[in-house]
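As a starting point, one isolated chain is supplied in C-alpha cells, in the form predicted alone.
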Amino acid sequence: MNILTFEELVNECNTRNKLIHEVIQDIEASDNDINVDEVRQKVKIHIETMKSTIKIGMTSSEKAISNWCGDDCEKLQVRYSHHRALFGKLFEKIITYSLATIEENLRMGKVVACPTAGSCGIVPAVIIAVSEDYNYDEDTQINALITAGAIGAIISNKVQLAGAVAGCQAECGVAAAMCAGALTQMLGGDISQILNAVALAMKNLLGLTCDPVCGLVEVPCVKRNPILAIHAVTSSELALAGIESKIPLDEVIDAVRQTGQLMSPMLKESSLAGLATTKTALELKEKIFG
C-alpha cells in the first residue's frame, strides 16, 4: 500500500471522494492485480475465521502449559449466567469473545492476527459482538476490517508491530487503535472521527510494556485483550461525541515510535523485568522450565 501516513490517507479519501475502506480495497485490488470483489472475499474469510475462533473458544476450557490460563472465558460465562454485567449484554459479549479468541491462541488454535497473535482478541470481539447486537450485515463487517487493516498498515510504516521492538503498545496498543477506528466507522463516524478514535486509543497506551511471564503469551497478555477491547470502545464513543485528540494522529504515531526506542530492552518481550521477574513469576518459571 502506497499510503504511508494518515494525512496521506485523508487526502486520498478526499481526492477520490471515497471512504477509507473503499480507497484501500481499490489500492489492494490494483497492487495485487485482482478485482475488488476478490479483495473483499479474502477479508470475508478472515471474518469467518474470527467467528469460528470465538465459537470454539467459547466451548473450551483447556489450560495452557503454565496451568494459569485457558479457563477464564468459561469463568466469565458462568458469572454472566447468574449476574448481568454492569454495562449490559454487549459489554458481556465483547469481553467474553475477546477471551475466547486469545485463549484459542494460547492453545495453538487458529486465529487471525490483529495485528499480532498476542493481540488477536481485540478487533474480532468488538466487530463481531457489535454486529450481532446492531444487526450489521457482512458487508459492514468487511468494511470495518478493511479499515482496521489500513490503520495497522499505516502505523507499521513507522513502528514495527512487535513487543520485542516497541513493547505491547505496538501489539495490544495498535490492536486497540485499529479496533477503535473500525468501530467508529461501523457506528457511522466520518473520517475525522475515525482517526480521532485511533489517536485517542493509541496515545492513552503509550509506554505499555511487554513483560510476559515465563516468556509465554499468557500473563498478562490474555487479560489485556478484553480490557483493551473496552478501551477501544471508549475511544470510539469519545470520538463520536466530537471529542478530538489535541495531538494529530501522525504525531501520536511518532510518539509511539520514540517511546518504543526509549523503552528499556528489559521491558520489550525479554522477560527480564516487570511482571516477568516478580517473585511469583520466577517461581512459576522454575516450576515449568526447571
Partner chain sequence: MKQKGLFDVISPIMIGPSSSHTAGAIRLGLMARAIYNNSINCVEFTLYNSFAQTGKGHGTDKGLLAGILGHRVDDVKTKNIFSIADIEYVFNYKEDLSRHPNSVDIKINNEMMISGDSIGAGEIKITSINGFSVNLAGQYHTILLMYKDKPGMISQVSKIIQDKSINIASFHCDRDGKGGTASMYFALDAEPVDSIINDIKRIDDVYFVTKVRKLD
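Predicted, not measured: the structure shown is a model, and the values here were computed from it. Residue numbers count along the first chain shown, from 1.
Only in words, not in the display: the form predicted together with the partner chain, which the text now covers.
Student: Tell me, out of 156, 204, 192, 140, which residue has a non-hydrogen atom within 4.5 angstroms of the partner chain in the predicted bound form.
Tutor: Here the answer is residue option 156.
Student: Taking 4.5 Å between heavy atoms as the contact cutoff, choose which of 234, 30, 264, 49 touches the partner chain in the predicted bound form.
Tutor: It is 49.
Student: Please check if residue 110 has a heavy atom lying within 4.5 Å of any heavy atom of the partner chain in the predicted bound form.
Tutor: Residue 110: yes, in contact with the partner chain in the predicted bound form.
Student: Look up in the predicted bound form whether residue 284 has a non-hydrogen atom within 4.5 angstroms of the partner chain, and give yes or no.
Tutor: Taking the distances in the predicted bound form, the answer for residue 284 is no, it never comes within 4.5 Å of the partner chain.
Student: Is residue 76 near the partner chain? Define near as a heavy atom within 4.5 Å, in the predicted bound form.
Tutor: Result no; residue 76 lies far from the partner chain in the predicted bound form.
Student: Residue 45 near the partner chain in the predicted bound form, any heavy atom under 4.5 Å?
Tutor: So residue 45 counts as contacting the partner chain.
Student: Is every one of 80, 166 and 256 within 4.5 Å of the partner chain in the predicted bound form, counting heavy atoms?
Tutor: None of them does, since no heavy atom lies within 4.5 Å of the partner.
Student: So which stretch, 90-98, 130-138, 148-156, 193-201, is the one near the partner chain in the predicted bound form (non-hydrogen atoms, 4.5 Å)?
Tutor: Selected stretch: 148-156.
Student: Within 4.5 Å of the partner chain in the predicted bound form, counting any non-hydrogen atom, which residues from 194-223 show up?
Tutor: The stretch 194-223, when checked against the partner chain in the predicted bound form, contributes 214, 215, 216, 217 at the 4.5 Å heavy-atom cut-off.
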